[in-house]
Each structure stands twice: as structure tokens, then as C-alpha cells.
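Only one chain is given next, in C-alpha cells, and it is the form predicted alone.
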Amino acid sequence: MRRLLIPAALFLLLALLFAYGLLFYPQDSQLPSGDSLEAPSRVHWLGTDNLGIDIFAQVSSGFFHSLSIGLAAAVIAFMLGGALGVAAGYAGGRTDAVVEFLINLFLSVPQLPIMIVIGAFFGQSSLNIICIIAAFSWAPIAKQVRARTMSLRKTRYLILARSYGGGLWYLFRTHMSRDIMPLLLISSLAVTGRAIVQESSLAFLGLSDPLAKSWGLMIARCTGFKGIYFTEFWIWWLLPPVLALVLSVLLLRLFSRALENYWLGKE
């Protein structure tokens, strides 16, 4: 239980810190509030970028932008992967063969190059990024759910309930959900962390919403600033979004792993 609470509490503290930066911090994340490349101070906690925009405000806004995209992609992957995995594992036959082929197809293709091509084709918007990430995130969930459903299908109580005329939705709601839902939730939480990294990667390449304060876009603008590494400006301009990205994904991963150990009885 302690391993479960520690990453959850740390992630909550991180979210509260960035919520302050988004809602109550006096500086704006879109408009300049100081001189270009100001050093950290009491007015600007992490300094300003080359346009004079406060960096802490941008990092705070980027946290919720990336998290919202990650959660939205996870919800779509949760629904699509769960539905296809249960249907394939329960029905078997041609349904299972088709779903298994799609799972193997999406797991075998190189994700980032395909995501770059699709992102460039459909344009720069948060909705497109969510759909692209979700399209490449459902397959691992469906694979795990399919395997679990196939094992549950052979249990005596499920065979008995099916012999009395129980349909798939009834069987899932009354008998299968308690075994499959924890697996679905854990997998979806892992998808959220990967989606944050993927969104930042696409934003770094200029394929995300250019008006959104994404961590990837912040990193791209910093690294594209000429002569940035010959000064100390990169310390407060580049490191905050990088550290925020690493810390957020790490805490989500640790929480997902601890939740898996707790729910699936590994502890």
C-alpha cells in the first residue's frame, strides 16, 4: 500500500503546484510579462523565455495540456481496446482472427514515423493528436484483455451462465468485469504516460497545436534559439519542461506499476 500511495501523493503535489501556476500565479502563459530571457526571481520563478513570457506559467499550462491529451487518448484506447479484446477472446473464430491480426499489425508498425506522417497529413490540432495517439495505443490493451477473456471463458461459472442463455454484456457485467476492469485501468494509466511523451514528441517536431503551451514545443523553441548553449539561459528555459516531462511520466509509471502489484495480488 505504501508503494501505491507515495507516487500518487507526489503526482498530486505536482498537479497542485502546476494548478497554482495555471490558476493563481500572477504571470500569464501567453503574454509577455518581463524582459527577454530574465533570470529566475521572485516575480518570475523560473525566469522568462526569449519573448519575455514567464516559463513557470508555460510549464504549468503545458502540464494540463499534456495530461488532458493523455487522458483523452487513454479513454479512447480503454474503450476500443477493451471492447475488441473482450469480443475477440469471448467469440473466438473469425472475430478473434481478425482482431488478432489488427493487434499484431498495430504492434509491429513503427509508431513514431507513422504518427509523424499522419500528423503532417491531417494538420496541427489537439483533436488530431488525440486520435493519432489513441489509434496506436489500443492494441496492447486489447492483447492483454483478449488473453484474460480467453482464460475466463473456460471457467465453470462462466460456462454455466452461458448455458442458461447469458449474453456477452450480461456475462461481462456480472462475472468478467471484476477480473478485466483492473487490467483495463492499469493499461489505460500506462497509456496516459506514453501519450504524454508522444504528444511532446509530435509537438517538438511542430505537428501539434502551435498555440498550445506544450512541453515539446517549449523544448523545440529553446533548442532552436541560436547560441542558447553559450549562455546560462538554457538552465531555466530548457531544464524545467524537460524535468517536468520526465517527473510526470515517471510518477505515472510508478503509480501504474504499484497499482498493478496491489490489484493483481503481487504484493
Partner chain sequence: MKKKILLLLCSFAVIYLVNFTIPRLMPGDPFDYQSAAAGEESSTEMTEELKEYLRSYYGLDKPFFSQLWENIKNNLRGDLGYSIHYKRAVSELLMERLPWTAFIMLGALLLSLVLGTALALLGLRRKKADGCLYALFSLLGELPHFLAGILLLFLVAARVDWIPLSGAVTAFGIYYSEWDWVKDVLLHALMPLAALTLVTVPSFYFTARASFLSILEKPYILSARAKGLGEGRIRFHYIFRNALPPIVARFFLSVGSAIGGTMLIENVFAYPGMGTVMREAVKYRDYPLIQGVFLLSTVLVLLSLLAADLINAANDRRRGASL
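These numbers come from a predicted model, not from an experiment. Residue numbers count along the first chain shown, from 1.
Absent from the display: the form predicted together with its partner chain. The rest refers to it.
- Just one stretch in 165-173, 148-156, 115-123, 87-95 has heavy atoms within 4.5 Å of its partner chain in the model of the complex, so which one is it? Answer to the contact question: 115-123.
- Heavy atom within 4.5 Å of its partner chain in the model of the complex - residue from M79, V197, L185, C131: Contact residue from the list: V197.
- Message: Would all three of L238, V246 and V249 be in contact with its partner chain in the model of the complex, where contact means some heavy atom lies within 4.5 Å?
- Response: Affirmative, all three are within 4.5 Å.
- Message: Under a 4.5 Å heavy atom criterion, is W234 part of the interface with its partner chain in the model of the complex?
- Response: Contact with its partner chain, yes.
- Query: Is there a heavy atom of I53 lying 4.5 Å or less from a heavy atom of its partner chain in the model of the complex?
  - Reply: Judged by the heavy-atom cut-off of 4.5 Å, I53 is well away from its partner chain in the model of the complex.
- Contact test in the model of the complex: L160 vs its partner chain, heavy atoms, 4.5 Å: No, L160 is distant from the partner.
- Message: If we define contact as a non-hydrogen atom of the residue within 4.5 angstroms of the partner, is I228 a contact of its partner chain in the model of the complex?
- Response: Looking in the model of the complex, residue contacts with its partner chain include I228, since a heavy atom lies within 4.5 Å.
- Message: For the stretch 81-108, I need every residue with any heavy atom inside 4.5 Å of its partner chain in the model of the complex, listed N to C.
- Response: Stretch hits, in order: E100, F101, N104, L105, S108.
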